[in-house]
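Only one chain is included here, represented as structure tokens and corresponding to the form predicted alone.
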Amino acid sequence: MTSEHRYRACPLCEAICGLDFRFDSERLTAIRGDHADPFSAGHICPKGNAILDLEADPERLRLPQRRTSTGWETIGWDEAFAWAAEKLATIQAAHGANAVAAYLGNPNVHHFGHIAYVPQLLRALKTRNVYSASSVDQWPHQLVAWAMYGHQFLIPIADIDHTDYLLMLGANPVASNGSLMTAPGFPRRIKALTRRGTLVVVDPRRTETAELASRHLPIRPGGDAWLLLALLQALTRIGPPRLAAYGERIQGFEQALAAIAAVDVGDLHARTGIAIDEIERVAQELYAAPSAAVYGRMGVSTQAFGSLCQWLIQLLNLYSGNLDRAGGVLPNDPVLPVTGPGTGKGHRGLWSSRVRGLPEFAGELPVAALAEEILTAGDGQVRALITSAGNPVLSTPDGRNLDRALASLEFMVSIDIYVNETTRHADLILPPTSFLSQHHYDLIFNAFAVRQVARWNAPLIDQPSDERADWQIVNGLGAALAAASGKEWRALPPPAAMIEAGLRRAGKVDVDALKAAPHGLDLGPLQPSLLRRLETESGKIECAPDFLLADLWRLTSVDRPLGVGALQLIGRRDPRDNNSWMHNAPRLTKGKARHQLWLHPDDMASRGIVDGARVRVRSRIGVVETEAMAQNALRPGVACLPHGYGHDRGDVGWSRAAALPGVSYNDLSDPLDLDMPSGNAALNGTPVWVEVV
């Protein structure tokens, strides 16, 4: 028996930690953090160890599965591709290209074989009905980057390792491992920050991150835009904007400030729950700090004014002189570019959804509209669906309605490794082989890392001859679709060739040296690059986009009363939870239950609810029942439920997940609640009513 160490980055979350895989005679026996990885330095979270469960899971699919009247049957790959292509081509021929829709889940951005290949298939389909997990996540970030800087991925990153002052809104990176700020080992980075400076966390809950912060400000859900407006107004009273470094490369800054100054924030405490004196203090600290960064994430993005919040955050960093500055916020300039010519800078409103008229962004429609596009009859109705590595029944608004919609489709094909709450409706499931057998380079999370890093991930195991990689599935399906519809298909080469060609074309790293570095390369801290990379038509930072000024008017003119007895629902994430696609792993589901609805003790007392009681939770669109748990970490008036649960939906094929207690957050989230500029779902702050069953 031989023991061997093999190294690769983890693909299961945004931290991209380096992992040390231990093999005995070609059998994977253990996974540890890679202490030689210059970026993650040995950090590993529970999801990294859970790869052992994922690789060995007997319920994981390996070969194509076709639905029959009595269950699922295994068929060959060529037969599967030909059958799917014939069905899709027939539907498009009869009803038009838009009759076939596609949904891309979060895991698509975690593996090169998905993110580099699926767009080729979408182009062949020529459908406008493309949806993804991005519109229940980070669209406000991308939209504001496109509007202000000219490219959806020119997103400034908080330089957490060098800043003296970090104001963090709606983010819990200790649990999530970071998001649009790739930084493995967040606890040690935060502790280093608070030793040298200040971290202020704004969140309705005292999160794991807030526990490590210098201060925690418990804001009312949805009050972030008002807080940010008050901060900008306070800065104008403290001192002039620090714009010297940007020269003539700014446009509309005075117009934006004038619009912000006109907003009356006199009822700030009622809207935010935070005293004006505390906001003045934060403004003073932000302006006085040698370097500072303002960063907002999920809790900010997934609310009714998410894009407005992200715009105001950019203006705060600009006003304080910390935009595109070491120790402030600055975009990563990765060795494999995601901006520049040919990278898809983004666009907005080139077409709209059929039923509600919601504008597209970057070629996609808001996923909150998917169910209605399937269920509403008429020209352009969605009749077939392709899903890739996604579970929208659990992860998108009004999941029960989408569940019903999927059951009505004429045909559905899913690229996935499980029969889950979504893929149980598929007529055909095409499961990719293990990612450990594939070449991989992380396009997205390297581009949002807090340092310049690069890592070539070579295969650790051989691919079984009867299994197919994700890129092979896309190529096979695309070729069959082209043959069935009389179109041309140009298959993309294997990932190793694609990655190497991209790196050599970019010319930013010695490719041979990168291949020879099993632990990856650290190429240094982030450097200012935004001004030379601007892609706006004016060549300037556009500070006053018209649609964001209009949304400022919407904020001040539309007042939505919460409703008598209502609480505001927010989500939460545990370090062991990875949304809804890792709940069949014993290592991630063992131990103390974490599915409960958290309530402040005062809210429980006023409703006659005791700890552990079964409660009914009602929103405008749905009702669920679960257990209540008292939690002092919440501000009063807030209810907190985790995302990703609710697997007990009949004929799912993952028994451990199906046995977990808990309900789906998205059986309560409202598809009509959107951040209007981007179309992102406003999941944060949903009004709910809670009572004892």
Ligand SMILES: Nc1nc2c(c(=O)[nH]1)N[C@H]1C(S)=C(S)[C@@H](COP(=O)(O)OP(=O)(O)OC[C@H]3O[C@@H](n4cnc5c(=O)[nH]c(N)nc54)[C@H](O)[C@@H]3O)O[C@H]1N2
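Computed from a predicted structure; not experimentally measured. Don't overthink the numbering: it's just position in the shown sequence, from 1.
Beyond the structure shown, there is the form predicted together with this ligand, which is absent from this document and is the topic of what follows.
None of the heavy atoms of Thr589 is located within 4.5 Å of this ligand in the predicted bound form. Though the partner is left out of this view, Asp510 does not reach within 4.5 Å of this ligand in the predicted bound form, counting heavy atoms only. This ligand in the predicted bound form is approached by Asp137, whose closest heavy atom lies within 4.5 angstroms of it.
For the chain shown alone, Leu336 is not a contact residue for this ligand in the predicted bound form, no non-hydrogen atom being within 4.5 angstroms. Shown alone, this chain has one stretch from 451-459, 143-151, 490-498, 568-576 that lies within 4.5 Å of this ligand in the predicted bound form by heavy atoms: 568-576. Only one of Asn106, Ser619, Gln472, Thr127 lies close to this ligand in the predicted bound form, with a heavy atom inside 4.5 Å, and it is Asn106.
Among Pro366, Pro156, Pro392, Gly520, the residue placing a heavy atom within 4.5 Å of this ligand in the predicted bound form is Pro392.
The candidate site formed by Pro221, Trp581 and His643 is fully in contact with this ligand in the predicted bound form, as each residue has a non-hydrogen atom within 4.5 angstroms of it. Although this ligand is not shown here, in the predicted bound form the stretch 398-435 places heavy atoms of Ile415, Asp416, Ile417, Tyr418, Asn420, Pro432 within 4.5 Å of it, in sequence order.
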